[in-house]
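Here you get one chain, nothing else, as structure tokens; it is the form predicted alone.
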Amino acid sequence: MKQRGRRRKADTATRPTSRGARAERLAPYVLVVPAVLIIVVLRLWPLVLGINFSFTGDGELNGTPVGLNNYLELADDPLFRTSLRNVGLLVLLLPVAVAIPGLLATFIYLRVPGHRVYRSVYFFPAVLSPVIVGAIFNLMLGFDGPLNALLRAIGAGPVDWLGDPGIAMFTVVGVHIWATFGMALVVFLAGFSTMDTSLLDAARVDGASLPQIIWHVIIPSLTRTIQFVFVTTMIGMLTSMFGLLFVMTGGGPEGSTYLPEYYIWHQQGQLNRPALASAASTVLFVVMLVVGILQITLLRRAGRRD
């Protein structure tokens, strides 16, 4: 009888515990459900609808299935091919766009003189509207603007920063990097806050130079942060440059500054071809997905080697 009583007490003692453990296991899923629903309803479902719409026609063929005709038309469109080539240029310039905020964040973390002021100054452009930034640089980079006046004063001659097809895209990308690197700087500073400071102290005791500290201590310690900044910066370049392109170049000269997002707007807003714009949006999504996966894969392999 005593043993049965003990078993009953043990069972009653373990039941609440097992219920609490079950609730603890389910709690993360319950908390994640609202975010998942928002992503599915506002992101994934519209994406599926857009992909489906890209296989229909425009104009008289509105809503009529046309198969791959829209994608074949994109392949034959020189403006869309130019926009994809410019995506390749953005990928090549991406290390520069990541290195600039990374180095500045490093100097701030190492407490160079005036680091508090620099932190505010560097972040300030991130709060400006792209339209305002574009208007400011239109004045500065105009053929008769102050930058060319300075070049004339030193005998270098004027440069058509926004009118030369060979350099206009580089100019817009440079302005975009200046306007947006403040957010990446904040992310890097957050990564520095999790870094083991004893590694820096050991490197300094061993007499390591600043480049050696950056290469052998800081970069390996911030691998995940660097991966995140690479991916988010690339996405920002592909999806957040419309304002600058619209104000500074309008896609010109000769279509040299077209990007997929500007092409999508042109087809949808100017030519009233939503199905073709949906096809271009689908291609842009695939490009971002592939580039993001490749970046993460390469950076992970580099981190393992280190």
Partner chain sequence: MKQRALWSALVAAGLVLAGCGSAARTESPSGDSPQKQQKLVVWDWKSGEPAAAEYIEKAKADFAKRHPDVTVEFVAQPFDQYYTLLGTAIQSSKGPDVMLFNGGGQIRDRVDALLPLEEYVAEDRSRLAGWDAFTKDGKIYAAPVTLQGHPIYYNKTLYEKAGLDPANPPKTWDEFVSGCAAIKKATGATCFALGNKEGIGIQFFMSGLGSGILTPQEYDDWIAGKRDWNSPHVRRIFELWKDANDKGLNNDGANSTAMFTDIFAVFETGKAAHIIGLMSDIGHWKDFGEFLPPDKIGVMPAPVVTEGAAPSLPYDGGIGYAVAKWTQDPKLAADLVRSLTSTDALTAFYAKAGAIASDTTIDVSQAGPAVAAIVPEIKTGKPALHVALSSKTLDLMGRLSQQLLSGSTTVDKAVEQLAAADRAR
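The shown structure was predicted, so the numbers you read here are calculated from the model rather than taken from an experiment. The term rigid core refers to the most C-alpha atoms you can superpose between the two forms while keeping them within 1.5 Å. Residue numbers count along the first chain shown, from 1.
Here the subject shifts to the form predicted together with its partner chain, a form of this protein not shown in this document.
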G269: touches its partner chain in the model of the complex, heavy atom cutoff 4.5 angstroms = yes
- Do V121 and its partner chain come within 4.5 Å of each other in the model of the complex, heavy atoms counted? no
message = Taking its partner chain as it sits in the model of the complex, is P260 near enough to touch it, meaning that at least one heavy atom pair lies within 4.5 angstroms?
response = no
Review point. Is there a heavy atom of L162 no more than 4.5 Å from a heavy atom of its partner chain in the model of the complex?
Key: yes
Within 4.5 Å of its partner chain in the model of the complex, heavy atom basis, the matching stretch of 176-184, 103-111, 72-80, 196-204 is 72-80
Those residues of 33-62 with a non-hydrogen atom no more than 4.5 Å from its partner chain in the model of the complex are L44, W45, V48, N52, F53, F55, T56, G59, N62
Q) Does superposing the core leave T239 with a CA shift of 2 Å or more between the shown form and the other one? A) no
Taking the rigid core as the frame, does A275 move its C-alpha by 2 Å or more between the shown form and the other one? yes
query = On a core-based superposition, does T56 travel 2 Å or more at its Cα between the shown form and the other one?
reply = yes
